[in-house]
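One protein chain, two forms: both are listed below as structure tokens, the first as structure 1 and the second as structure 2.
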Structure 1
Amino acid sequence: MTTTEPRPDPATADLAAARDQHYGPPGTGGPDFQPNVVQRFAPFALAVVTPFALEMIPGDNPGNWKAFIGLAALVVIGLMAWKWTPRGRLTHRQEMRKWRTPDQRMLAALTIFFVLAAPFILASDFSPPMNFPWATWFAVLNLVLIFAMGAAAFNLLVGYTGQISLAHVAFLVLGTIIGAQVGIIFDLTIWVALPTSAAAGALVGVIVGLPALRLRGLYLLLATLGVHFVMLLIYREYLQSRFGFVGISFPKPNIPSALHWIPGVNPDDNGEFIITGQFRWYWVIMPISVGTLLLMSNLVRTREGRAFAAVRERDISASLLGINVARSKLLAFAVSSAVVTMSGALGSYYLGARGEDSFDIQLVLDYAIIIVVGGFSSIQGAVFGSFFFWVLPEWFKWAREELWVVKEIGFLSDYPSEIDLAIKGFLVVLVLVFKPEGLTGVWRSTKSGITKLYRRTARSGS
């Protein structure tokens, strides 16, 4: 925190040099720089507008110079976000902000840019070197967004609050059931089914969370495992009584009218906006997923979120601190289950068909793999983890088919999915043994390494 540092006297030259060393090289806005409103929001606004603006450029084949403008815009947005960061003495409000430091603001702006530009890049016939399969990445990206929601909720419950629960897939099943009931049998739209499933998930989550008030650790784990089996039984009964043995096939929803202006979203021949293809699904899934992730990452910064962490560390001490432990645990269960249930409903709509064998215990393990590899107890880790989890098989597929040594090994191409599974297992064990913080830890150490390098060059340069 800059507030705790002794503030150098600007009148003294030596101290000014020291100050420059501390705040970075001259020209970064000065120690007490306060951006005005336009400067504060400009990089983010630009990051939002630029992808759409680029896509709306008319012309036959403007791909190359679109990419050029895009890269230039990236640099500009990054620099703006980096430079126009409040420095010096910060108010409490500023210190509590999510994107506070220059690097955080820059990364946030660039992430917004990439999230909005990704579908356009992937939808274009852009062919990278070595036949790397960008087209399949689109499906992967949508799955990543859906899984990231569920994994982040899992992390909220297990990593942040310390309530070890394996009833995760049970809530995906619940989401599927509610989605099918509301969306198919009651014949309402997905925009009713999703909130309904979230509400039902919260309710059932509180009920499932009740044993957490008495049980802890291992016992809770086994109790929630029981919930998994009970929910699977309900699912089978439901499936057979309502849909027979063929499984549920979900109808394709319409893209909401608020999104019709997006370039590339055009009405069909009969004037309808039915969601077909990955591009349209992306614009439905992405706002839901990003919104939920932001909600959860903000929740852990609030009073309730700190209570979660206190309960995780030691619930007896937490209750001595005046935290209502029962309330915290149940709230964590409710929020987590609501999000997981909603992601279950969304995922079922996205995948289109759900059958008897869609939910086995391996799915819980998949989520566990995601949060281990991504990094325990961090929302960011859930995103990293699910990205990694879905990109890894694609990458292996590519390596088996294209990479020059690997494609010669017949064993690898004979058992593709089994080897992927084995590698995932090895990965979990290796990560846990050698790098328990997961990809989040790698990311953090890389970032601090870059910061140190930057500081050092700045110092030697001045």
Structure 2
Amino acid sequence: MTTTEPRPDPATADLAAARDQHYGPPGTGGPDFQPNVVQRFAPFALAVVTPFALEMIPGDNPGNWKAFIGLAALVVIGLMAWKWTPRGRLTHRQEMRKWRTPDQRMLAALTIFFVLAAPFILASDFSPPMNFPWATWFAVLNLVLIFAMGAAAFNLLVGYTGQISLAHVAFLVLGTIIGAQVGIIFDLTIWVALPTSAAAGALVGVIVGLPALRLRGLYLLLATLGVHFVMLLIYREYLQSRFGFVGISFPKPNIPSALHWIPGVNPDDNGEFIITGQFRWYWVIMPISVGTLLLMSNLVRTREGRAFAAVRERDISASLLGINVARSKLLAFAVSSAVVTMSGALGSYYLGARGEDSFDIQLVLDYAIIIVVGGFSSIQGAVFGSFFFWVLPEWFKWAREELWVVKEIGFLSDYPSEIDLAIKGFLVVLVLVFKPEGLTGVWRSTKSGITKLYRRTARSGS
């Protein structure tokens, strides 16, 4: 009795041959490379350690030698992240990793370096030429981080799930109310106010999202616009009954004494560590903002995130695919509202005061500009859009006052606000016409071009 071996599928054999030709046989090194644990985490560890190590080195800094060491470390971090990145045939789990390709890992490591080094650079006594407002950029950076949280949450709801809502400012108001009630009336710390505001935002978000189960498009927009005005009415009543017409003055938060062991947390003479000044606020805002952005970025990559996209395309098709449409919509409202409410509370504490006119419908348009210019359906676009929204006016202001060609044009100085709006509007149109994907599309094209250039150079060198 003879047995017949199963014949290989020609299509599978051809695919395997093609992959072997491209990547090489498994385990032979070269492009088919899997890093060990040390290689995988070394670039990120170096990116975390380097800024603090440079800051702790005592002595003068003649010739800005620390900056040269920082740049050298930056190059080393990039090369390590590029070289020690998994390549070749990957498992499904490896394919789903966030920073899988060499350029993604290198960019992540460099971003960590910049995020950690930025406060030390901006807090230095460096004086740029032409009176460039060095210290001003610290406040701008903190505002960018706070706005990026709210814009990413707005993008999650509008861009990913397709639920057009104008209740965004209503949740910023809710965050301010919860922050004032918990932090001032109940006399608790900001560390209680922030999670409380997130929980309250999620709960109210589910309630506000209930109309989305039956309404779509313009009808949902009008329903959420009503939420905006109702929340403003509640806010004014709360403001007048609790704080009068002077507005809310938020106390400066402090770090609890149980956490004074953290490196860099050195209590003042009164034994407290008050969070005041841009440097200290940065180390409060940055982890919250980055952690929230990573959370939402991972959420859209999960099963629930893909359900959001399916719901955005069409409810009926999503339900035929087995997706619980109602659950997806309410989850999107809950997550988005929780993040926006928390950013409202955090922003109120950071700014220190809120009045009756702190919130208007213009804020919704500002967030819409941020996500459209930054990139629709992109968490990364929220960060780019926030930079665009906050950095551009500061740069225009500096250019009008110091840039020798621009400051001679009297028309620009006579109508600064109008000129800023006109230039911003022109840039928005420019981005939308030539790059509908927004600044995220510009960034991806640039990154792709640099990667191709690097690979071409490396190939020609070898």
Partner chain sequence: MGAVFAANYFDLSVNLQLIVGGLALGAIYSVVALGFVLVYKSTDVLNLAHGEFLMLGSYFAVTFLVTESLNFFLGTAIILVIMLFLGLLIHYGIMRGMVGQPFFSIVLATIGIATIIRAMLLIFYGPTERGRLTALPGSGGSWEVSGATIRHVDVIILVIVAVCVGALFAFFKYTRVGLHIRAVADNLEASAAMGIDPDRVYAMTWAAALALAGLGGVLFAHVTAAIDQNLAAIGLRAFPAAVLGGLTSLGGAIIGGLVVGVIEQLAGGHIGTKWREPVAFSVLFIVLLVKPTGLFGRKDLERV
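In this text the structure is predicted, and so the values were computed from the model without any measurement. We call the rigid core whatever largest set of C-alpha positions still superposes within 1.5 Å between the two forms. Throughout, residue numbering runs from 1 along the sequence of structure 1.
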Which of these two, 1 or 2, is the form predicted in complex with its partner chain? 1
For Ile178, is the CA shift between structure 1 and structure 2 at least 2 Å following rigid-core superposition? no
When the rigid core is used for the superposition, does Phe41 move between structure 1 and structure 2 (threshold: C-alpha shift of 2 Å or more)? no
Relative to the superposed rigid core, does Ile255 relocate between structure 1 and structure 2 - that is, does its Cα move 2 Å or more? yes
Keeping the rigid core fixed, work out how far the Cα of Ala422 travels between structure 1 and structure 2, to one decimal in Å. 3.3
